[in-house]
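Presented below, as structure tokens, is a lone chain in the form predicted alone.
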């Protein structure tokens, strides 16, 4: 069974049908610039465009840069504040006339890695950390997601962690990988102290350069680069929709 996965980001909305048996994209993904301002109506219009592009009529999974509880957006990261308090499931289901599942975007990326990527066949406590514009996290215990952790907002050295150790900060301050790795290592140590995970999976675009900063990390926890990178959000959103359908 194929499920349409949609990954809503601050700069782009990406979508593709996903083969639910192996997590492989069943068609070339479409990428549409996120409308600015990224209001609910404007993004809903874009989601409808993506659905039309694939002439889609089945279930849809959607990752959103927000804490999502029972279909309601509780926060808004890099999207318009008008999302806060909105029933996203109702909005997108009404606009597409299809069955829509919505979850936090970092949780979606984590689900993809746990089902089809670096976390496949693992057990225990796993923390997926996506380093990009901010620091996204997804926490799993024996492959079960603990949703909406938002651990990028922990305080580190008196500041919000993602203001110190995100990939965007490395670019903004023009830090070398060893310089940035010290910051990221401090963040991972903080997570290690709080959760004692069995595995860290590091995602985001920066994960492709893991060989340039993994050697500088001093954490005790086993660490792996994410396997699915830019497709993780699409694949994980589809996984969430499938799980909801089976539930």
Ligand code: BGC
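Predicted, not measured: the structure shown is a model, and the values here were computed from it. Positions refer to the first chain, counted from 1.
Just so you know, the form predicted in complex with this ligand exists too; it's not on screen, but the next bit is about it.
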TODO: Answer with one of 153, 157, 120, 141: the residue that has a non-hydrogen atom within 4.5 Å of this ligand in the predicted bound form.
DONE: 153
Task: One residue of 145, 77, 161, 167 in contact with this ligand, assessed in the predicted bound form (non-hydrogen atom, 4.5 angstroms) - done: 77
Open item on the list: Under a 4.5 Å heavy atom criterion, is residue 73 part of the interface with this ligand in the predicted bound form?
Closed with: no
Open item on the list: How about residue 126 - does it come within 4.5 Å of this ligand in the predicted bound form, if we only consider non-hydrogen atoms?
Closed with: no
Open item on the list: So in the predicted bound form, is this ligand close enough to residue 101 to count as touching (4.5 Å, heavy atoms)?
Closed with: no
TODO: Verify the contact flag for residue 106: yes if a non-hydrogen atom of it lies within 4.5 Å of a non-hydrogen atom of this ligand in the predicted bound form, no if not.
DONE: yes
Task: Region of this chain that lies against this ligand in the predicted bound form, out of 62-70, 207-215, 34-42, 179-187 [heavy atom, 4.5 Å] - done: 62-70
Open item on the list: Given a 4.5 Å distance limit between heavy atoms, list every residue of 116-145 close to this ligand in the predicted bound form, or none if there are none.
Closed with: 130, 134, 135, 136
